[in-house]
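Read the single chain below, which is given as structure tokens and is the form predicted on its own.
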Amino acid sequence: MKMKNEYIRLIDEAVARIHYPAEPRGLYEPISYTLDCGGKRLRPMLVLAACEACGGSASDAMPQALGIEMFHNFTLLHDDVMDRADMRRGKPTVHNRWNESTAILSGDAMLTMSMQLMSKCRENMLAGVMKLFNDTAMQIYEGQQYDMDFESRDDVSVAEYIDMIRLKTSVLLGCACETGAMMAGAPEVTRSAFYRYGVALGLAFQLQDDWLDTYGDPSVFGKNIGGDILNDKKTYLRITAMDKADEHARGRIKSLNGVRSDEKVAVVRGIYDTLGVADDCRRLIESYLDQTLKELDAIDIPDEAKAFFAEYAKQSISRRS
């Protein structure tokens, strides 16, 4: 097993080696721009680490690691169009730097390129790899639709929200872990346990993002806090607050829908503090951490590998950015 930074270095080097046709530049330049913007490289790192944990080498799974990273960034390209987001990772989004049509078309090309990369495996693995990838992609699209549906609903439950983030975010982490194990030829019981580890990790990771968006340090988080509050996003914090609040507090939150001001962030966060929903969120995050460690215990891999995945899960819920 390698250190996390070593996996990220290998991934960055592989991204830099991706060959793009010279023309049409308007199609390929936004793809290169998007991938070069970096990011945490969480998903491809899980692919490589799971492969090595199961006895393979990083090179065995690099095409699939790149494929999953390419797919993840394709979803971000289209998400930014739907959300009208101006910035991504500290740089202008593709639709902002170029235009919406370019973002859509380059995103489409990224989806096809991701499938091409995923298919670069031994023939006896191809059907399994592509089924897992395509099933995961469809679940992510379903999660995105639920997220969009929630925008016009005031009755979203915590259970519905958890299922939405499982589909939109967590299943791709599960796919990354299982794909890495598949590329090493691991048995089905190991692949399935790795998948469940990734899903639980994804839930904890997304809930940590929710918490950071309201309670993070802007200088560390990398962006201003309160974005979810300003956009009236149905996060775990807001849904739980609406469930716990009395009629007056619920009415106060609803009265601020559509408002974009620092005062709104302060008022809503104050209601969250009074109701203790930040602590509720931390407890739920901890419960998903416990689940990741339980799934990890069931995987037959060396102790060094278990320590790597356990430490990464713990870092994910204590991160500040």
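In case it trips you up, residue 1 is the first one in the sequence shown, and so on. Fair warning: this is a prediction, and the values are worked out from it, not measured in the lab.
We do not show the form predicted in complex with another copy of the chain, though everything after this point is about it.
Proximity of 253, 275 and 320 to another copy of the chain in the predicted complex is absent: no residue of the three has a non-hydrogen atom within 4.5 angstroms. When you look in the predicted complex, the only residue of 144, 192, 240, 96 with a non-hydrogen atom within 4.5 Å of another copy of the chain is 144. In summary, among the residues 188, 217, 155, 149, the only one with a non-hydrogen atom within 4.5 Å of another copy of the chain in the predicted complex is 149. Contact annotation: residue 89 falls outside 4.5 Å of another copy of the chain in the predicted complex, judged by heavy atom distances. By the criterion of a heavy atom within 4.5 Å, residue 303 is excluded from the residues contacting another copy of the chain in the predicted complex. Mapping the unseen interface onto this chain, residue 105 counts among the residues with a heavy atom inside 4.5 Å of another copy of the chain in the predicted complex.
Of the heavy atoms in residue 135, some are within 4.5 Å of another copy of the chain in the predicted complex. Heavy atoms within 4.5 Å of another copy of the chain in the predicted complex belong, among the stretches 179-187, 117-125, 231-239, 197-205, to residues of 117-125.
Annotation for 80-95: interface residues with another copy of the chain in the predicted complex are 81, 82, 84 [heavy atom within 4.5 Å].
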